[in-house]
Ligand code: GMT
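Only one chain is given next, in structure tokens, and it is the form predicted on its own.
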Amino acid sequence: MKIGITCYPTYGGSGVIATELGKELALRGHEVHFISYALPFRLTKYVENIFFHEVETSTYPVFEFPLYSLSLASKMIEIAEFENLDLLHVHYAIPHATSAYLAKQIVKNKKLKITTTLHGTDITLVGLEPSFLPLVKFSIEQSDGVTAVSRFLKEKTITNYSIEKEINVIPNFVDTEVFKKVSINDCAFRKHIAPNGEKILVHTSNFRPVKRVTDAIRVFNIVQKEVPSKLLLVGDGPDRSECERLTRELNLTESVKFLGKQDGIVEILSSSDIFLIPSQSESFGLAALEAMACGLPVISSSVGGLPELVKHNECGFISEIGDVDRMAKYTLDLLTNDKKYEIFSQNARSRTLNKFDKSIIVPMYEQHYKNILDQ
């Protein structure tokens, strides 16, 4: 198959999944064309059968804002016709699905199909803006195929937009050969962060308010009073300054390390003991999945798709949003019981291997494509 993939190329779960999917499809012999305004950040090495097409937006005095949606549609038309694409796979309903619909109406290749993958924010936040709601509903319904990364997101989409179109749930995935725990003996990073054998808690996100990173700090503040420990905060975003302020207020500056955006996430996860994800909204929780693949038990909030990923009292614990005391209690339970921790760690890795490995999920996308093309 010849597949065009459009995603946001920056840090974020949708861009990660889109890029990793494209790479796996290329390795399986498909021809993949990424169409976006920048090279996806996970596309760091040459992969045969993968091509990148940059969307350039022109600026004119008469236009106050760049016309990215139209520029994207134009590039989709160009690539679909020149490369004879079979389908466009867009990640995020707006503006990508809207641009794809426009491209399909114009392109000469009338066999071109569109499939849209819903990742979360496009449905639960942005798309609910009154001005966007009709556009999102139309773009979803005009797609030849639609997937969602969790049952929660599928149900939310149907409810919010009164969608009658079939939505296929295909969860996020991880490469378990890449995301796996490296030997602690080889982990100089852990020795540097915790030279006295402290336990390490970790959180990774884009530091938006919806991620509730301050809750992770408050959980840690309780834990570190009982068990010598450190907290690693990976990522960056609008709430970072508030998190730094809270850290100073709680006198935790020596124990909380702000690492910013990092590429070497496997080493960081392998060096850690517990993954915290206290989000207010989480359609799936890819960061938690990557942590589980590295054998980390997860302490999460009970929102969105997280209960579909984290099995309570098996590979982690789930608490109500904002219940930092219970999250801290669960964390201490694992950190003070070596046997229980080891069982949870093994369960986290096993669940990833058995349910969310790329070898299981990528064929689901291939079958989804074939079903669309056979329509």
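Nothing here was measured: the structure is a model prediction, and the numbers come from that model. Residue positions are given as counts along the sequence shown, with the first one as 1.
The form predicted together with the ligand exists for this protein as well; it is not shown, and the discussion that follows is about that form.
Not one of Lys181, Gly316 and Ala348 is positioned with any heavy atom within 4.5 Å of the ligand in the predicted bound form. Per the 4.5 Å heavy atom criterion, the ligand in the predicted bound form is contacted by stretch 283 to 291, the sole one of 243 to 251, 218 to 226, 283 to 291, 190 to 198. Among Ser270, Thr121, Thr176, Thr98, the residue placing a heavy atom within 4.5 Å of the ligand in the predicted bound form is Thr121. None of Ser301, Asn172, Thr204, Thr157 but one reaches within 4.5 angstroms of the ligand in the predicted bound form through a heavy atom, and that residue is Asn172. Among residues of the shown chain, Arg208 is one whose heavy atoms approach the ligand to within 4.5 Å in the predicted bound form. Among residues of the shown chain, Gly13 is one whose heavy atoms approach the ligand to within 4.5 Å in the predicted bound form. By the criterion of a heavy atom within 4.5 Å, Tyr92 is counted among the residues contacting the ligand in the predicted bound form. Although the partner is absent here, Val149 is a contact residue: one of its heavy atoms lies within 4.5 angstroms of the ligand in the predicted bound form. Residues in 337 to 375 all lack a heavy atom within 4.5 Å of the ligand in the predicted bound form.
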